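In the form predicted alone, a lone chain appears below as structure tokens.
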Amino acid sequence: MKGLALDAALARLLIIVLMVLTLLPFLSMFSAALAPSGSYPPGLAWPENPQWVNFAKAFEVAEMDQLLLSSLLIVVGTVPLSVLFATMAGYGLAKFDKGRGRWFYLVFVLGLTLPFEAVITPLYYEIKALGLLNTRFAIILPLIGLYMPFGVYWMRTHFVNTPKELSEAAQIDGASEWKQFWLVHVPLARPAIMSLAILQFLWTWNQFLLPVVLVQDPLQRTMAGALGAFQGQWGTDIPLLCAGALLILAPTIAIFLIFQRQFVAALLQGAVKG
């Protein structure tokens, strides 16, 4: 019993240490954001006269309202379609996991090894040839394609582990393949679909490289992509820069906190099945 209690205490201590290490950069940014504008904050220290107005000023000078709208348009154009395509493709590859289906799946797995940096130059010329450069479609269309390998892998892993008896029972009741997919398997895959949607929302919201390369107007980029222009204009004002960075991070943290139960449930489900 003493050994178990000691293990539990060590586990709690490790969790606390990891939490402190995770929160420390955010606390440092928060204290720096409250320092007087134009000053150089000394580090993790609470300022004597917190300048809460820095957040309002960062919101105004960075035109956060327009950046929020632009990011929302890009997320709405990217995440639903990529999740839909990944779910359908994952189900198809799980259903037909032999012969050509296995080869198609290997192609998607190979796509997991491709970093964004390796395809950014071909993407630039392809988007330019399509006449979509400097538009939000220049970000949406490549992201849908780049998300497919992970999305297909994620959803196929879920569908492969669903009992085949569910499909057989639906077949006996006269359900077609299409009805089996929409009425039986998709409702059961809700945790996996939700977690995939959350992940892709976070990746899209925090996408930096593609918006900077493919879109010149900062107001048509994602919020993270627009941070580059904000940094170029206010890079010497550390408090204002930290305030702007925290404003950009706020929506992603809020989304994760709201949907954390679904996200953790899906991860645990995958871990048990794996």
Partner chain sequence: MAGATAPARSHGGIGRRASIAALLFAAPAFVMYAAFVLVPLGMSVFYSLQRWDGIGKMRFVGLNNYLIVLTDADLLQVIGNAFLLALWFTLIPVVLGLAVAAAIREHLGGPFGTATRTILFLPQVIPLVAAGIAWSWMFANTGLVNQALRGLGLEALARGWLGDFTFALPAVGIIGAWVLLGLCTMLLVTGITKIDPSLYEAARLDGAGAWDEFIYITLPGLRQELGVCVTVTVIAALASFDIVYIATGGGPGIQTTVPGLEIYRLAFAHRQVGLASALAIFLMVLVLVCVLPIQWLTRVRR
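Between two forms, the rigid core is defined as the largest C-alpha subset superposing within 1.5 Å. Numbering follows the first chain given and starts at 1. Keep in mind it's a predicted model, so treat the numbers as computed, not measured.
In what follows, reference is made to the form predicted in complex with its partner chain, a form of this protein that is not presented.
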Can we say L73, A175 and L183 each have a non-hydrogen atom within 4.5 Å of its partner chain in the predicted complex? no
Is L110 a contact residue for its partner chain in the predicted complex, using a 4.5 Å heavy atom cut-off? yes
Does any part of P187 reach within 4.5 Å of its partner chain in the predicted complex? Heavy atoms only, please. no
Since only the chain is shown here, I'm wondering whether G228 would be in contact with its partner chain in the predicted complex (any heavy atom pair within 4.5 Å). yes
Non-hydrogen atom contact T121 with its partner chain in the predicted complex at 4.5 angstroms: yes
Scan L34, L68, V213, L247 and let me know which has any heavy atom within 4.5 Å of its partner chain in the predicted complex. V213
Can you list, in sequence order, the residues from 174-211 that come within 4.5 Å of its partner chain in the predicted complex, counting heavy atoms only? E177, W178, F181, L202, N206, F208, L209
Is_shifted L67 between the shown form and the other one (CA, 2 Å cut-off, rigid core): no
Rigid-core frame, C-alpha of A32, shift of 2 angstroms or more between the shown form and the other one: yes
Core-aligned CA displacement of V215 at least 2 Å between the shown form and the other one: no
